[in-house]
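The structure tokens that follow cover one protein chain in two forms, given apart as structure 1 and structure 2.
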Structure 1
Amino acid sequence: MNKFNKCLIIAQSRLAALELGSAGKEFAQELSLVCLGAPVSAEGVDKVYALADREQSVTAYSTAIAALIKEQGYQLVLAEQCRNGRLMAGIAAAVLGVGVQTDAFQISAGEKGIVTKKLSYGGFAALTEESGSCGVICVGAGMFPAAEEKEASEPELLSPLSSGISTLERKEKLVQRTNLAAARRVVGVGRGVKDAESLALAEKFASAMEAELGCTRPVAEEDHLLPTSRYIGVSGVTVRPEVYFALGISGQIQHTAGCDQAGLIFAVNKDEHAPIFKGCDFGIVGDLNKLLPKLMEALANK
């Protein structure tokens, strides 16, 4: 594939801006970056745009970003796979007359454009999509290494334009910050962690291992034991740690697609037939509530 001439990156977080900067260099010759959050820049980015008033809803800038894509003739748009990123990706796709490629576990250059692969049919098949001469891709955390950050030149400010939606009230959401994508060690918990007591034990184990704590989607979105920012999987975070500990995780592909590039995978599950044992390097069959204290005791005595 020949590189695209111009690529627009849309990112809300600093880390996403750096990771998408790395992706952009791989696929395009000229890079521009729209910062939905605090202005930042990365090596290889030629132009930085920022929101003139970050107190305004990102939605208020949708018309301005659509106009920017038309005026500058961007052929490729890479958007952070977050709520605002998905919104802007949809707007960009409407401008370019293409679909949005989302929830990819693999992104690469194809013969004609960007090729993405994502799980389909409940994880039993992989759907391959190719962008063509124009493309809009939502990129999840950890899909690309972060580019070097560079001091941002004075960004060009985008003004909020009328979109038919006005902000009536803003309330800050308490978010538990994490950097799973960059962690060297990660402890992931699944439905085997059934309550706050089991979770506290897993947290102690993660602390003993100097690891970040992640989880499967049900733990975050159904049981609400951990925030969605810690969800590892196809539509969550992709991690590539040196060591991944899967505690009480069955091993469905929707989760393992987000952690199967770890250097080593250790699994603990009381079900000896759990799929996780087919993909791990070391596995223990047993109750994690009984095993974790023994493992921590062994660590303490080492």
Structure 2
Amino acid sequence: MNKFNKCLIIAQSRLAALELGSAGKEFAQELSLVCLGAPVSAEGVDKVYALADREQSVTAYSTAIAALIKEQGYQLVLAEQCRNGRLMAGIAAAVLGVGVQTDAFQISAGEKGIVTKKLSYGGFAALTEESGSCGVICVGAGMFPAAEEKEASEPELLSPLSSGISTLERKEKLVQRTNLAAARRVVGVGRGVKDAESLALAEKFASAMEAELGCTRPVAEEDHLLPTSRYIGVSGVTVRPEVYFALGISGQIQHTAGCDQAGLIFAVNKDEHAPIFKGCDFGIVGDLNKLLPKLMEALANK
């Protein structure tokens, strides 16, 4: 493909601005950057835009960003794959009349445009797509090396809507970083772990096995037993440990897509028909609340 003429990068975090900066250089001649967070610039970026009032929700800037894309005639938009970045990608795509390529595990130059590969149908299939002469791509963390950082000198400010969306409150959250993606051993807990007591047992097992603790999506989102940064699967973290211990996990594809690259899988589930038993190396049918103490005791007494 020929390089795109003009590319707009939309990034919230500093690191994403730098990574998308190097992606932009690979695919386009001329780069502009909209910083949804603190202004920053990257080597190769010609023009920086920033939000006039960062106390206002990013949602109040959709109109300004849509107008910018229309005026400047960008053919390629690269957006950080975070919730605000996804929103702006959708806005950009509506302006440009194209679809958005998201959640790609591979992004490369194709014959006509940018080719992306993503998992679909819960991880059952891989979908390969190619943009046309205009494209909008959501780019995940770590897909490109970070470009050299530059100071964002006098960014041009974008104005929020004067009415329509007003921000009443903003609260920072504590973000829990995890080592799951790089862990040598991982214990994953599913909804078979129903309360704090079972979770404590799973934690004890994880520490006996020297494993990091992860979970399924509903354990994080519905039961709030662990932070969302710990859920494994097609829409969460992908783990590649030597051993994965699946405790009380049914084994639906959306979850197993995130642990299929484990060297070995050990499963505990009280239902002998649970799909996890069709995708593990060793499985034991039983109640984890009874089994885990027995296993730990036996392992402790050599």
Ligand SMILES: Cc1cc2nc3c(=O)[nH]c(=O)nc-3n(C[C@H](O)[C@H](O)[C@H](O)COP(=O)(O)OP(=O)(O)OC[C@H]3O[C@@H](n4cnc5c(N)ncnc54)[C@H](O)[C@@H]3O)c2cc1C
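The structure displayed is predicted, hence computed values, not measured ones. Each form is matched to the other, and the largest set of C-alpha atoms that superpose within 1.5 Å is called the rigid core. Residue positions are counted from 1 along structure 1's sequence.
Quiz item: Pick one: is 1 or 2 the form predicted on its own?
Solution: Structure 1 is the one predicted on its own.
Practice problem: Verify the C-alpha shift of A67 between structures 1 and 2: is it 2 Å or more after superposing the core? | Solution: Shift of 2 Å or more: no.
Quiz prompt | Core-aligned C-alpha movement of I253 between structures 1 and 2 reaching 2 Å | solution = The answer is yes; the displacement is at least 2 Å.
Practice problem: Determine whether the C-alpha of K47 shifts by 2 Å or more between structures 1 and 2 once the rigid core is superposed. | Solution: K47: C-alpha displaced by less than 2 Å between structures 1 and 2.
Self-check item: Core-referenced Cα shift (Å), F282, between structures 1 and 2
Solution: Displacement of the C-alpha, rigid core superposed: 17.5 Å.
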